[in-house]
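What follows is a single chain, given as structure tokens, in the form predicted on its own.
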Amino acid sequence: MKALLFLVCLAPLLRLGWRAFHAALGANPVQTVQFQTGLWALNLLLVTLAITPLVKLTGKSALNKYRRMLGVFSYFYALLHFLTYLVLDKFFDFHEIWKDVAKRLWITAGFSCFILLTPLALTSTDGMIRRLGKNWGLLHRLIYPAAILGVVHFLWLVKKDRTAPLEYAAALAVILGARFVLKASDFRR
């Protein structure tokens, strides 16, 4: 199953590559790549967060073994999203990037999300989990503000039809609400 999930997680990138090879990325290919990689980073981040409530609601603890892979793939797409911005959009113009981060709130939110996800990806190996011990769990709580910032990034980015970002915000609210309710019910037991 992990091999199949790995391929499923790679499918959006393979599709982007196929579209690029066939010159089918639209009038602004850089923007298309940025949007798609950001969307998949957010999709996988929300799926990662949804695993714990799903396990508690269904009793299917086997789902837990896929959480790390989904989280790492979320970061992989976030990294591609950031690198597309850094390399293809801004051509390593760090002065311009810094101005963007300081001036455009959606970029500030997105960059903050990326910064919060970076230590999570770097500490997702078995060795780091052992080395950090209890602190690993504390560190990985950064996923909550990262997810909120990711949704805010999407909300602030979209100027006209905000239907999709609002759907992501609603999904995140349901996931976080479910996690809170399930945690509270565990606490009462």
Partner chain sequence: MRRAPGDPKASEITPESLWLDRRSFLKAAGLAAAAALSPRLVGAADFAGGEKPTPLDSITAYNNFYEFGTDKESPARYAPKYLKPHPWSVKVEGLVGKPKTWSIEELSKVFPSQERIYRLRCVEAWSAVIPWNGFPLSALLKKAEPKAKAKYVAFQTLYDPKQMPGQNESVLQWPYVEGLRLDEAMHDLTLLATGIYGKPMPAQDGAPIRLVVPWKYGFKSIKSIVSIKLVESQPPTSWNISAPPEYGFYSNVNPEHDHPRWSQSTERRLGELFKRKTLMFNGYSTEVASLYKGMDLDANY
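Residue numbers count along the first chain shown, from 1. What you see is a predicted model; the values in this text were computed from it and never measured.
The form predicted together with its partner chain exists for this protein as well; it is not shown, and the discussion that follows is about that form.
Note on the interface: of 45-53, 152-160, 127-135, 66-74, the segment with non-hydrogen atoms within 4.5 angstroms of its partner chain in the model of the complex is 152-160. By the criterion of a heavy atom within 4.5 Å, Val87 is counted among the residues contacting its partner chain in the model of the complex. Contact annotation: Val30 falls within 4.5 Å of its partner chain in the model of the complex, judged by heavy atom distances.
Phe111 falls outside the set of residues with a heavy atom inside 4.5 Å of its partner chain in the model of the complex. Although the partner is absent here, Phe91 lies within 4.5 Å of its partner chain in the model of the complex, judged by heavy atoms.
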